[in-house]
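Only one chain is given next, in structure tokens, and it is the form predicted on its own.
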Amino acid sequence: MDNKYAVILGNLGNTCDRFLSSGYKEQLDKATMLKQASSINRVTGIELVGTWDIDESNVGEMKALLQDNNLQCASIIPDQFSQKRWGKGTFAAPDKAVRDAAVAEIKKSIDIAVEMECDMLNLWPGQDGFDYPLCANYIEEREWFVEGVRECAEYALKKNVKLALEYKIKEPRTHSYLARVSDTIFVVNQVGLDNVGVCIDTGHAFMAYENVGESIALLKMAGDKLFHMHFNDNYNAWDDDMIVGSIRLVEYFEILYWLRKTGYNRWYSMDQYPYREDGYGAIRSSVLYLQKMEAILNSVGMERVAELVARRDPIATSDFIRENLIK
């Protein structure tokens, strides 16, 4: 079965960083970005960020735009990170009123997802964590976090919507409560509901010095808890959000092998920030890179890769890389 490819809509538009807040490029309108996305080979899904791309006021308009471009809403990403009110956290915020507002915001996003015929929210609570020693009650705040996710998940369960928790070791906080795959599995187990799982953002995993193939395997062992994938690349030290495959070759081939081996059949979604590059060109390059790795895996076959892994021989692996991945 062919992989399903998606794009986070904003990746195709204007992108800014903390040094150039006005952005490096001119902002494209949503219709143009959707048309660009639909023109990329085998891209059939779009992820929409709450308040940036979609809210209660434009659901009908956005649904029509997606239909016009033969695109499906792959997920809604609630904005839990870019608003002042979330500056000290969402589910783990010390102010109960903020925690309640965060839960209400997620429930609103669940309702939007249902209207968009979308079965998943991707949650990245980037402001939930801490910055300094002796400035956080780790037990209390993690308990609040689990309680908030559970309340949202119970609401989502009634509407057949899944929640994927996306982890990142740091940024914007110096320490995130969802930092690594193991931390996130712990939270998923504490919530204890079938519709709560994990999103692996490859760049976030690289930052945490994870081997993404192993992370995929761990989520399989945790009970098929890999719900979503975000793809980008970096140099390990920071979330550079670069073109997929611009840095890594072997790791990405292994990632696709383990996704197939563990039966992952959901979206392969691009999540990167091409600040200075042409957005369409950068995203298209990422998709085509993954499709090239997919084609090589199809060509050599899963059995041959499984046999290679079973040998546990770095020399044999190097021979395989040279013969099959370097053309």
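We number the residues from 1 along the sequence you see. What you are looking at is a predicted structure, and each value in this text was computed from that prediction instead of being measured.
Not on display, but discussed next: the form predicted in complex with another copy of the chain.
Put simply, Glu151 is far from another copy of the chain in the predicted bound form: not one heavy atom of it is within 4.5 Å. Looking at Asp194, you'd find every heavy atom of it more than 4.5 angstroms from another copy of the chain in the predicted bound form. In the predicted bound form, Asn211 approaches another copy of the chain with a heavy atom inside 4.5 Å.
Using a 4.5 angstroms limit between non-hydrogen atoms, Tyr155 is distant from another copy of the chain in the predicted bound form. This chain appears without its partner; in the predicted bound form, the one residue of Glu166, Glu105, Glu254, Asp119 with a heavy atom within 4.5 Å of another copy of the chain is Glu254. Think of it this way: in the predicted bound form, another copy of the chain has a heavy atom of just one of Ile54, Ala282, Ile46, Met270 within 4.5 Å, and the residue is Ala282. For the candidate spot formed by Ala101, Asp224 and Asn265, no residue has a non-hydrogen atom within 4.5 angstroms of another copy of the chain in the predicted bound form.
Heavy atoms within 4.5 Å of another copy of the chain in the predicted bound form belong, among the stretches 194-202, 181-189, 105-113, 67-75, to residues of 181-189. Contacts of stretch 228-249 with another copy of the chain in the predicted bound form, defined by any heavy atom lying within 4.5 Å, are made by Tyr235, Asn236, Ala237, Trp238, Asp239, Asp240, Asp241, Met242, Ile243, Gly245, Ser246, Ile247, Arg248, Leu249, listed in sequence order.
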